[in-house]
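Let's start with one chain on its own, the form predicted on its own, as structure tokens.
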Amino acid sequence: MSLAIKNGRIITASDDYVADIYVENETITSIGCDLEIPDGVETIDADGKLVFPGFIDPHVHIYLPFMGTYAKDDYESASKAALVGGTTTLIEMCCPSRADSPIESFELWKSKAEGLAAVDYTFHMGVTRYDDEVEAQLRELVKRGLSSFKIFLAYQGAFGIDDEELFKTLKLAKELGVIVTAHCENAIAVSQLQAELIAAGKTGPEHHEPSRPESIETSGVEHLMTFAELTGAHVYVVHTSCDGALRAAQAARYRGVNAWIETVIPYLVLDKTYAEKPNFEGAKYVMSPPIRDIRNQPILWDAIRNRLISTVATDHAPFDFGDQKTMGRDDFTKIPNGIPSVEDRINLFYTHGVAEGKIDLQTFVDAGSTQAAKLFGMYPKKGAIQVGSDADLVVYDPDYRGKISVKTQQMATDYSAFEGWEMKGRPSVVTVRGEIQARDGEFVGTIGRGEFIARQPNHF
């Protein structure tokens, strides 16, 4: 399999130049000006377009049993959605319950991708309890190619762990060279606030944010940072939504804690008024931590521009509005959490970031691809345009203009959280290891082409 991309403006996390790219056997083999391309090789003219490394979403849920139902996407629909939006690699959260075996859960989650994934994929392994059996299985899973764990400081009795389990998980991670991703809240505080609000008759989706205020997220980050400092573990705060949580992580980094910060695209473009829409429409925008007061948006954008926030993900957790979100019509605590966005992340990030002058192109690539590859043990195989890197490439048309709509989306949900929003730019060609998988908003590739990425611990 050979492919050539000619005359494109190549953008990486640090570079900006015009050149040709030649691909053979799934990898980039040559980069240069006026490359000689053998006869018969498919050639893409990228004149006037941007060429990015394939984007990586480091935080998605595809197979997800949650709140009595299951996420709507499978790997076929999620892959198609990711690809038309420029994402070529997904890192899914494998989230067993406290009663489940980690190895059996990993095998279950992996089985959902095999044969259906059109993107490459890997997993963060959820640690939802800690005992000798779990420790032995976590050690084995690291040998099988998982180099990141996931913990929840929330969802007590389901996914959440206590402080003893937190300490032991971080100690093991430090020993193995594994980075620990963390959902930072406080389960007891959330449950108490939820109970008070429901008892007061405040049952609508507009009360979801007050039940999980910024102070709870901030205290969760502070708690994690204390334990990271004590153990020396490397931690990664997922879906950071507000100024307080960002400051808590930055304060820890200032005193030497090994911490990285993720935000997600909904926090950058939505605010809490969306969850306050009447007639239960606000349920479409319920996620945890919640979308926040709009005053947080410029703070998050500034942190991305200054590369204090490392990655922009989605926390894609797709549930239908019509028959899933409505499970919580009379009790907001029963609304399945999540905003479907794996398809829209890169276009929203470009439209509201690059096109509006909030960030430059190199930062766009760094936060959308390269940092995830580096932190999670895939660089420079992924997240780079270098000789020897996988030929995961996005030819991006900055002049495209269009609108987001449920009518044209690949995601399986019955609504779009961004219905009617303008796109200023869109991928025109997307490749996975040298094979074209999407063109101009349409999936044109091979279902099942995606491969599991076995990773080695970074040991930082």
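Quick note: we count residues from 1 along the sequence shown, nothing fancier. These numbers come from a predicted model, not from an experiment.
Another form exists, predicted in complex with a small molecule; not displayed. Remarks below refer to it.
Colleague: Report the stretch among 413-421, 30-38, 427-435, 55-63 that approaches the small molecule in the model of the complex to within 4.5 Å, counting heavy atoms only.
Modeller: Partner-contacting stretch among the options: 55-63.
Colleague: Considering Met378, Ala228, Leu246, Met287, which brings a non-hydrogen atom within 4.5 Å of the small molecule in the model of the complex?
Modeller: None of the other options qualify; the answer is Met287.
Colleague: Can you pick the one in Gly338, Gly85, Pro266, Gly220 that has a heavy atom within 4.5 Å of the small molecule in the model of the complex?
Modeller: Comparing distances to the small molecule in the model of the complex, the residue within 4.5 Å is Gly338.
Colleague: Report yes if any heavy atom of Ala317 sits within 4.5 Å of a heavy atom of the small molecule in the model of the complex; otherwise report no.
Modeller: Because a heavy atom of Ala317 falls inside 4.5 Å of the small molecule in the model of the complex, the answer is yes.
Colleague: Check whether Phe152 has any heavy atom within 4.5 Å of a heavy atom of the small molecule in the model of the complex, and answer yes or no.
Modeller: Phe152 belongs to the contact set for the small molecule.
Colleague: Quick one: does His239 come within 4.5 Å of the small molecule in the model of the complex, counting heavy atoms only?
Modeller: Yes, contact at 4.5 Å.
Colleague: Flag His234 as yes or no: does it have a non-hydrogen atom within 4.5 angstroms of any non-hydrogen atom of the small molecule in the model of the complex?
Modeller: Heavy-atom contact with the small molecule at 4.5 Å: absent for His234.
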